[in-house]
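Here's a solo chain for you in structure tokens, the form predicted alone.
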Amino acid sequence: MISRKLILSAVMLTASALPAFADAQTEEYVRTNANEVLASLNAPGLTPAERRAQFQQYMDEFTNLDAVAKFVIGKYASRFSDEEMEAYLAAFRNYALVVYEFYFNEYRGQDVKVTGSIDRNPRDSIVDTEIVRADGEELEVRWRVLNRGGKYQVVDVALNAEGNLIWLAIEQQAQFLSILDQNNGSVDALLAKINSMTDELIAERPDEAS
């Protein structure tokens, strides 16, 4: 007869091998806020400029852009002077908001459905969602959420780009570190590239009716 201790050990071993699911609060945080962000892109009665300002306000609250900005420059975050960091954070914020708007424009007016989640650790979760576009296509979006003392904020988003899920912050980190490495850590070189990329994305915005 198999001992109760052996059975209990097997159960505990199996449980430890399974991923832990994020709590319902984390999932609800993503569902509610992501829906508000997408709704802002399709808000009726607003001019394109007003709609964009509302979208950016939601994204500012929903995401921790300063944390993302420092993450994407890795080791260089401790090397920037206070003045350089201030200039970089401002440039990154403008760029990041334009990037989010560029990608999320595909999902205007659609509801966000939470399809699953997993805890990386007690304060770090990944929440999986699906957004059904007007053409019926289902697009997967993943959100990395940090819980700091009960305050939730998104620190990265994985969006569908030509059939592949790309984590924006990780993609930006590879790009920004390459720029800094090639230019001896020059903040001016990085800012010039960020501002150039921001201008390029703004130029690609579709003409919008109010």
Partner chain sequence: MRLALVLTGSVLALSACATTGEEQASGAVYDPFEDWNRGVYAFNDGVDRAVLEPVAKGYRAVTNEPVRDGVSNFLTNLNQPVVFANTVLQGKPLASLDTATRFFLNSTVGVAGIFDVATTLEVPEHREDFGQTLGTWGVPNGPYIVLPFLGSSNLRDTVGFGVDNAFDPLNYAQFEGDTAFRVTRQVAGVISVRENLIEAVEVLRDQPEPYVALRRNYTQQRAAAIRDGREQEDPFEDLPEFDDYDFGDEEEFESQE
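Just so it is clear, the structure is predicted and the values come from calculations on it, not from any experiment. Numbering follows the first chain given and starts at 1.
Keep in mind that the form predicted together with the partner chain is not shown, yet the notes after this line are about it.
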Notebook entry, point to check: Is Ala49 one of the residues lying within 4.5 Å of the partner chain in the predicted bound form, judged by heavy atom distances?
Noted result: no
Check: Counting only non-hydrogen atoms and a 4.5 angstroms cut-off, does Ile118 reach the partner chain in the predicted bound form?
Finding: yes
Margin query: Under a 4.5 Å heavy atom criterion, is Glu83 part of the interface with the partner chain in the predicted bound form?
Written below: no
Checklist line | Contact label in the predicted bound form: Ile126 to the partner chain, heavy atom within 4.5 Å | finding: yes
Check: Where, among 148-156, 53-61, 24-32, 38-46, do residues come within 4.5 Å of the partner chain in the predicted bound form by heavy atom distance?
Finding: 148-156
Next item on the list: Decide yes or no: are Tyr100, Asp188 and Arg205 jointly within 4.5 Å of the partner chain in the predicted bound form, with each residue judged by its heavy atoms?
Entry: no
Item checked: Residues in 58-88 close to the partner chain in the predicted bound form, defined by a heavy atom within 4.5 Å, in order -> Asn64, Ala67, Val68, Lys70, Phe71
